[in-house]
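Just the one chain here, laid out as structure tokens, in the form predicted on its own.
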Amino acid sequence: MENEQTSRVASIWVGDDGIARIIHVPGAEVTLEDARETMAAYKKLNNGKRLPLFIDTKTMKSLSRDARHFYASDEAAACASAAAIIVGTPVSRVLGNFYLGLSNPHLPTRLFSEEGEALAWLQGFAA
């Protein structure tokens, strides 16, 4: 896929709809270093724009506390207009709820189980 970036734990690209996608690899155990690498890859694609983020965590195994706080920080919020987190397993739902409940993200963020619903919600934040 053209204009795709990768990190150790995810593939990142921007769709024709202006929504950035972060798709985690199966079994990803995301550390702070991974979160920083994934954010750097996203920044290479967004051309300085605050794009809405579609984040697929369905097959993620874990997200460290430091990574969770990094993703909820002002630094991360400065790079995105909103985040839709796709959950599909009990583990991904628990991780998503921890993120929302404990990290207090600094941008509009919602959990979804349906990709279509998530993309429709994100369209309201696309430039």
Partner chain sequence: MSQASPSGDDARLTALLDVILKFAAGDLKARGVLSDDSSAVDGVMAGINILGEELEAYAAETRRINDALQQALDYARTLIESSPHGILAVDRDLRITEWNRAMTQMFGLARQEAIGCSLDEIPFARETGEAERVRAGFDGASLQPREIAYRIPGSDKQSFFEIVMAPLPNHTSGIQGAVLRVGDITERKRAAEQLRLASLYARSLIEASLDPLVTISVDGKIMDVNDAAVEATGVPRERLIGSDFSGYFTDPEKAHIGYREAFTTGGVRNFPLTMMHASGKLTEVLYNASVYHTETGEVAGVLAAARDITERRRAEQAEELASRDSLTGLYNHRTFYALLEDETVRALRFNRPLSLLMLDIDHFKAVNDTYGHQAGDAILNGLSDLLMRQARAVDRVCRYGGEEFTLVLPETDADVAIPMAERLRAEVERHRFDIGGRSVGITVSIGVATYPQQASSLEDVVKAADLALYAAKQGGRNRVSRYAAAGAGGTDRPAHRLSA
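Residue numbers count along the first chain shown, from 1. This structure is a prediction, so every number in the text was calculated from the model and none was measured.
What comes next is about the form predicted in complex with its partner chain, which is not displayed.
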Quiz item: With the partner absent here, would S64, R68 and L95 each sit within 4.5 Å of its partner chain in the predicted bound form, counting heavy atoms only?
Solution: yes
Exercise. Select from the listed residues L100, L45, C79, V91 the one whose heavy atoms reach within 4.5 Å of its partner chain in the predicted bound form.
Key: V91
Exercise. Would you point out which of 70-78, 47-55, 83-91, 33-41 contains residues with a non-hydrogen atom within 4.5 Å of its partner chain in the predicted bound form?
Key: 83-91
